[in-house]
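Single chain ahead, by itself, as structure tokens, in the form predicted alone.
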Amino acid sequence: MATEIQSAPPPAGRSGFWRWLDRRTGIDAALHAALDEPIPGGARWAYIFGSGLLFIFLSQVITGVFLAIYYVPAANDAHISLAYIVKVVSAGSFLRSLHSYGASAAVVLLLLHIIQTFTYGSYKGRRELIWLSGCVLFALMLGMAFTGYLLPWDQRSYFATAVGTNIMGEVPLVGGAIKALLRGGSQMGTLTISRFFVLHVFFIPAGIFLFIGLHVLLFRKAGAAGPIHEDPLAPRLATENFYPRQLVMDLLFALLLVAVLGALSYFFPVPLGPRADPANTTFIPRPEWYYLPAFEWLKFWPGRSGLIGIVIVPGIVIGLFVLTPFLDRRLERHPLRRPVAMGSFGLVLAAVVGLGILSHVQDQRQPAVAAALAVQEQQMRDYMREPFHPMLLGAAPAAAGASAAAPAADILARGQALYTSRACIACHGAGGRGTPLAPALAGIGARMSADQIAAFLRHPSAKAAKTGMPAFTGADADLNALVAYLRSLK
């Protein structure tokens, strides 16, 4: 043992404790392996987005753990437990805002990282597996955002998730099974929120940790790609170690993220809206901003054409994106010398941004919709001003759970909940009064029998399908409840 120690003396200048720790842990070798990564062409600000993503993910884990201490994943108590966090717990609103803004920051950084990687052609030169693992991480991060959005169980999160799961239900063959699996049944209630909570807190983060490790391992194996004029297989430029310059750049960017997210959370805390009420016939559902492009895209594929818009076109785009390293095999990395790849990528990116903007513009161009959305925003602000009412904790069964277990006598309430959750209200308006998007349904019971209405809902006319009306694909019991509600409109 003495011979080994003498043959490998610790570095000079180390403290006695550090030498003691290094002999027992090998921390020096670990730090060298982590920080001495060679970067062709040297450190650059363009490389900070990957480290920023890792920082945001760790921040989400930490803030999520503290939120989970108070949160109760049940339809009866989810909303009131979160209300306790934001209204009573010291710095609870700030903590929840950090977590919420962090989700948006993760999506923004993810897009910037993809843009930088694609523009630099960093997927070339035996880096196919790095790209594929990154695509999986992309999907997992979007899954985190989707599952976490429902957990507040307020009006906005409930109805947006109802629309999202309904869209999944439109996927041929497996859509119904996926929707039922996520919801825990035909309606959204405690089973839904508990499943989303388990996915958001356990399964998806575990997958993210696994693929982050794989992504870093593959990256270290292939090495940094370097700037756009570097050979991806045989780097020629002089290298610079990750430490200290690139590490300092990454740390400065992390500090910037802390400052921005902290300022937003302090000065513009994320509001919590009123508790979810599926029987509300006036609420207009809208997803979070990063899902708005998909929400707008589906408006172009009404009725049976949804197969094209939901499955075929997105499947082709996603497939081409995932297979990019196998399709673009040339070693040329300069973006101007890759017109097909860069043009296709730019077109898809512009379409995504354009659809998101179009969704917002269309809402503002419709006075009724814009006014309703403004009322919803005001309701959230008003709720945040209200004091916390602890007597509401576990008081009555959640409306969603009640509607899910409602007996036949409450069929009208069940139909009203379906009218809202399936987004009929977005086009036909509250109480079926009609909007510029679709005609009024009030009085339809005097014009059509129950069987005629049911047949029309199952198989909309060509004219109705062109306006965006989807075919009803739920169970017969749900269809009957919806028909009963429509016939009750006066």
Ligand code: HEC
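Residue positions are given as counts along the sequence shown, with the first one as 1. Rigid core: the largest C-alpha set superposing within 1.5 Å between the two forms. Because the structure is a prediction, the values reported are computed rather than measured.
A second form of this protein, the form predicted in complex with the named molecule, is not displayed here; the remarks below concern that form.
Using a 4.5 Å cutoff between non-hydrogen atoms, Met448 counts as a contact of the named molecule in the predicted complex. Contact between Leu67 and the named molecule in the predicted complex is not found at the 4.5 Å heavy atom cutoff. Using a 4.5 Å cutoff between non-hydrogen atoms, Phe49 does not count as a contact of the named molecule in the predicted complex. For the chain shown alone, Ala43 is not a contact residue for the named molecule in the predicted complex, no non-hydrogen atom being within 4.5 angstroms. Comment: 455-463 is the region of 54-62, 455-463, 22-30, 35-43 lying near the named molecule in the predicted complex, near meaning a non-hydrogen atom within 4.5 Å. Once the rigid core is overlaid between this form and the one not shown, Ala29 does not reach a Cα shift of 2 Å, moving by less than that. In the predicted complex, the Cα positions of Gly429 and Lys179 lie at least 3 Å farther from each other than in the form displayed.
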